[in-house]
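The data below hold one chain only, encoded as structure tokens and taken in the form predicted on its own.
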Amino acid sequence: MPATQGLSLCDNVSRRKERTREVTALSKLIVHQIPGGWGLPSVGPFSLKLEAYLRIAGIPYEAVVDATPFKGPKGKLPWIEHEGKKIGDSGFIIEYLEQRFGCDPDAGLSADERAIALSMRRLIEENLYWTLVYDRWMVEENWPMTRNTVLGEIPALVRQVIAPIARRGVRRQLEAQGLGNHSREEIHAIGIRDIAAIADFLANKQYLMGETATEIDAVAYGMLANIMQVPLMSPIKDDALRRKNLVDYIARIQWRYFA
């Protein structure tokens, strides 16, 4: 699935062609990710983040769907194969890609702006993410659809065995992280505050850091699309969909980079 849409700070047509020739000559970039569903290329926020980043940066790649994450170097999805290397964790993958291809969508940001973008990333990936996990895996009304979509590449008979084990593991993760010790109402209140912070920071800008998409937009898109555009019940989703600037923001990224 090659990235062909959109231009970024580090991208123009000639440089994109150069990178395409370079990747073809050396080795193909293979991205292993969580299956797609619900109209999204991937129902994994970090897999979708990485795919959005590759499109913003203009780096060609081939996407491969893995039924389980166990083949990856860190036992999680996404992970990549490139030039004989296997690299896990979307953050470390992006660092590698920036060094390897000399392409940094954040190049135009000041030190202050980079600090703000990092703080926003922590809010999205280390707080809001866990409210998404709770809604998918712990809310009874959502669990059957999560099981059949997120684990949908696993054969049905095997899935019946694996799904409850995976769910118990997720529950333990939520409790260890801390969010799982709160009530349903408290968890949703936390997520709504995070959504409000993102919407307030975006305000009337095209992208989170200004008029050009940067890495934090890939982070935000991967998470927000997986909250706002999935057929699951959640007050967090309902709150996000009431915020016109967030709805327009997601549509803008999809139109420019995923059309």
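Residues carry their position along the shown sequence, with the first being 1. In this text, all values refer to a predicted model and were calculated from it rather than measured experimentally.
The form predicted in complex with a small molecule is left out here; the points below concern that form.
For residue 58, no non-hydrogen atom is located within 4.5 Å of the small molecule in the predicted bound form, even though that partner is not displayed. Of the heavy atoms in residue 152, none are within 4.5 Å of the small molecule in the predicted bound form. Looking at residue 75, you'd find a heavy atom of it within 4.5 angstroms of the small molecule in the predicted bound form. For residue 220, no non-hydrogen atom is located within 4.5 Å of the small molecule in the predicted bound form, even though that partner is not displayed. From the list 87 to 95, 112 to 120, 139 to 147, 183 to 191, the contact stretch for the small molecule in the predicted bound form under a 4.5 Å heavy atom rule is 87 to 95. For a residue to qualify, one of its non-hydrogen atoms must sit within 4.5 Å of the small molecule in the predicted bound form; all three of 46, 69 and 129 qualify.
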